[in-house]
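The chain below stands alone and is given as structure tokens, in the form predicted on its own.
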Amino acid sequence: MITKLDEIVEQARHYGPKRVAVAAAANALVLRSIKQAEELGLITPLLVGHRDEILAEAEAVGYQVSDDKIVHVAMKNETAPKAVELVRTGKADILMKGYLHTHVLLHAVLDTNAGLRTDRLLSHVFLMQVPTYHKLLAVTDAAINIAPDLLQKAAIIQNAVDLMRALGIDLPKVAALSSVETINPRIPSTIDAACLHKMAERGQINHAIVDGPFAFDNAISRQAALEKGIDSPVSGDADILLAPDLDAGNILSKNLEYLASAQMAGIVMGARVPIVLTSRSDPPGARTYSLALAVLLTQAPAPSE
């Protein structure tokens, strides 16, 4: 079982290098992380963007880019469709968001005729190494699904479970978060959490222990849970935190990153290939970890049904 992000990098090096199509690659932060991942033997990049802009940004970070690694497009709005095309046609194994907005990349991914969609819901997972927690912690969904309904939450959980199983966790523990730990019909997320718990018990969510509702303290601290009369195998030992909506997930993950010094990787699950998706402000290390995770996922078994 993998317990550190650096362990993901080390394991992924055994499977690399994988070909990565980078949409809108002409950015110093993006290219610095690509350079690092390439030097580690994780990837072979295909840098999609304007050739002159890519070369200028690469020179600024001391990255010598050969011409065969650049896929020239004249306009920035062409970068996402072109990167998706490279993956769809088998010229790349992984898709990566460069310096562009998430919705622009996902629009190309979800294109009915030219995208990478499957019958599964797309969802985002932040895999976080938090200094004050005893193992890797997944937070989902903080980037794609704004206000998921019950069935979408079940699909979001399944995607995160498949990711954690690829890291060697056979039966991930999922905490369905809310603002309180009791079921309250006035707070829809508590009803969803209770239903998700029962769905997992009845095999509608595979290979996971799901419990909730949990307030955040009860999910990560067994002592806090016991003080409130909650005795659950998930409390204090959660592998996955299911956010009630995108706002909560995004705030939680960025709080952990900026106030708790968490390191993170960001990945989109549910498409034909892993999609590396981090914030445009994230440091190169986050992108390198994300690329390593994507490489590891290319070796994972087929998703759970």
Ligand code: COD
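Residue positions are given as counts along the sequence shown, with the first one as 1. Here the structure is a predicted model, which is why all the values come from computation and not from measurement.
Another form, the form predicted together with this ligand, is not on view; read the next lines as being about it.
A.B. asks: For a quick test of understanding: in the predicted bound form, does each of L106, L110 and L122 have a heavy atom within 4.5 Å of this ligand?
C.D. replies: Yes, each of L106, L110 and L122 comes within 4.5 Å of this ligand in the predicted bound form.
A.B. asks: Just to confirm, N27 within 4.5 Å of this ligand in the predicted bound form by heavy atoms?
C.D. replies: No, N27 stays farther than 4.5 Å from this ligand in the predicted bound form.
A.B. asks: Is I209 part of the interface with this ligand in the predicted bound form - any heavy atom within 4.5 Å?
C.D. replies: I209: no contact with this ligand in the predicted bound form.
A.B. asks: Taking any heavy atom pair closer than or equal to 4.5 Å as contact, tell me whether A142 reaches this ligand in the predicted bound form.
C.D. replies: Answer yes; at least one heavy atom of A142 falls within 4.5 Å of this ligand in the predicted bound form.
A.B. asks: Wondering, does I146 line up within 4.5 Å of this ligand in the predicted bound form on heavy atoms?
C.D. replies: So I146 counts as contacting this ligand.
A.B. asks: Heavy atoms within 4.5 Å of this ligand in the predicted bound form: which stretch in 184-192, 229-237, 95-103, 130-138 meets that?
C.D. replies: After filtering at 4.5 Å, what remains is 95-103.
A.B. asks: Could you tell me which one of R222, R117, H72, K91 places a heavy atom within 4.5 Å of this ligand in the predicted bound form?
C.D. replies: Contact residue from the list: R117.
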